[in-house]
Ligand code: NAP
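Let's start with one chain on its own, the form predicted alone, as structure tokens.
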């Protein structure tokens, strides 16, 4: 019997070293050598994942002098899992993430022809990773379309398990779709759509909304950030998007009333000046928010929104500061945190040691911060900033910047380490 006797694995051998992260009194208890399950990823995962691991190992060693280290343990999903086990996500991978409460992955391609609609969505829904967390900021030296990209420093909390991403839809003309249309028209009296429509359902729940907004507000409090903005389309979809806004304000008032104020309260009760120690909870219509992230980004810090709005705005915000190559991400709930590259697999570059590993490296920074290893996280960010500011960058940034030194994926990782 191994060290992790209560970890039930059908195919994988358990980790040879490392310990499990635990919870005590509602807080993470992180050992000096935590097991970190990782999925290499498809396509360019073969390049960026080793680069990320080398940067993290160097940062942890430098920060803690060998007293801490990461116990990397490979698990599988995507093409590699199909080749080894005949399934896109083996049950062992879900079991590992539940047990060790942590993981990181490269990009995945969903196999064509059945099974999961999306491997990324499958992880989120099976493990109930209800929050997609996407910090966005600008790095000096990265070409960006904004005049003042340095004003962008936001973190998006996007609901992960419902809204249109719940995947409840029926194809036009199918018996099931026609049955739904008949029900909507004859039983519910619904109008405004045609008989040759495809139909999708958009569920937004009290539970899904409140736990997401709760996490966003807690993050703002823990990181001393000035505001949380609820982004919605409630002027049109009053009982889904509008309800998201309503329930978000309820969480702020009922659970964080001693720390949160609304914009209306600031104007009415405090003469337009935010009281010390208070977080402003406000809301914006989604289409107006697209303007705000371009024209007035310095006025926003934490954004909370339902899935589809978050999908659009997170990518648009990343583009505003230079693109997805340096956009990190995490999918998490109250016990499990799963970090990931936010870009695709780019199969035409796979194995060429060419692609920018920045997204996965910065996602790993989020992982270090989640562990409470801030010293190592800061070293990685410092190394990344210095390498980029010197113009030592991969092709995607080099082609946009005159005088840059184009380097490979692995060489960029070494530059980050050398610049710590």
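Numbering follows the first chain given and starts at 1. Quantities reported herein were computed from a predicted structural model and do not represent experimental measurements.
The form predicted in complex with this ligand is left out here; the points below concern that form.
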Which one, 388-396, 24-32, 374-382, 52-60, holds residues whose non-hydrogen atoms are within 4.5 Å of this ligand in the predicted bound form? 388-396
Can residue 104 be called a contact residue for this ligand in the predicted bound form at 4.5 Å between heavy atoms? no
Give a yes or no for residue 283: in the predicted bound form, does one of its heavy atoms lie within 4.5 Å of a heavy atom belonging to this ligand? no
Does this ligand come within 4.5 Å of any heavy atom of residue 108 in the predicted bound form? yes
I'd like to check something about residue 347: if you look in the predicted bound form, is any of its heavy atoms closer than or equal to 4.5 Å to a heavy atom of this ligand? yes
Of 309, 229, 342, 161, the only residue with a heavy atom within 4.5 Å of this ligand in the predicted bound form is 342
Check each of 120, 301, 209, 314 and return the one that places a heavy atom within 4.5 angstroms of this ligand in the predicted bound form. 120
